[in-house]
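Heads up, the chain below is alone and in the form predicted on its own; it's given as structure tokens.
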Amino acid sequence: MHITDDGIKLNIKLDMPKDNPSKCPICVIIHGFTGHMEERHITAVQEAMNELGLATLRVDMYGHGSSEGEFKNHTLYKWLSNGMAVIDYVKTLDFVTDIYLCGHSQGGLTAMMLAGMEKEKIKALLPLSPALVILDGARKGDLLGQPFDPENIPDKLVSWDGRELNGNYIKAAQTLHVEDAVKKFDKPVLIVHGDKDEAVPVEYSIDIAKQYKNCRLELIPGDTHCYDNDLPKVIEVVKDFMQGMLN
């Protein structure tokens, strides 16, 4: 199943609750940088949402998973455009009552930006290990483990797994200010972050949580960026938050 954003096919997957209700809320779930919709932490959230009676829509973003576009050419601009296209699609589904938005890592950062842009459509926001370090690193000149001159951005960078990334990724990231989106979103927010995250320092989530008007921050002791050590605790927290939203 796919939708199209500016001529690019995006792979999406809709999962319904077991009782297949005629009306229910939906949660859009966005993976992270180099990720895809079938990662274990993404499917764990999807399954939890389905158990609670929500539909879920997972999406492979531009240049990732089974979607079109080359990884090296993806930017946060393209991901934000993808996100808006997904939300527009969800709005056409006649069974949907409310829309929730969840994203992991770069998907969490994207979700935070989208929530500010689409604040009237999103009922609550769930960033998981949001990669705010991307914007900071793009401005300071240190990203993906590779230092660079932020005033003279190279044509390409090489990420930690050896994949190339166009310098346009950095140029786009330098222009984005998540604080603006945070100020616009006054509905409930749950931020989850492992306190031993090796990719995104937990301090980023601690700081941004203070800027939201209605935010619950949950730090997972001893856990990593992709929740290798205590994914069940992450799911427990997500379920508790969502049960509060649904009651």
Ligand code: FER
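These figures come from a predicted structure and were not determined experimentally. A residue's number is simply how far along the shown sequence it sits, counting from 1.
There is also a form predicted in complex with this ligand; it is not shown, and the following applies to it.
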{"property": "L144, L80, A172, I87 - the one with a heavy atom within 4.5 Å of this ligand in the predicted complex", "result": "L144"}
{"property": "Listed residue that, although this ligand is not shown, lies within 4.5 Å of it in the predicted complex (heavy atoms), from K13, K9, K233, H225", "result": "H225"}
{"property": "Among 182 to 190, 216 to 224, 198 to 206, 49 to 57, the region lying within 4.5 Å of this ligand in the predicted complex by heavy atom distance", "result": "198 to 206"}
{"property": "4.5 angstroms heavy atom contact with this ligand in the predicted complex for I134", "result": "yes"}
{"property": "Q106, heavy atom within 4.5 angstroms of this ligand in the predicted complex", "result": "yes"}
{"property": "Proximity of G194 to this ligand in the predicted complex, heavy atoms at 4.5 Å", "result": "no"}
{"property": "Contact label in the predicted complex: W160 to this ligand, heavy atom within 4.5 Å", "result": "yes"}
{"property": "Contacts with this ligand in the predicted complex, stretch 31 to 70 (heavy atom within 4.5 Å)", "result": "G32, F33"}
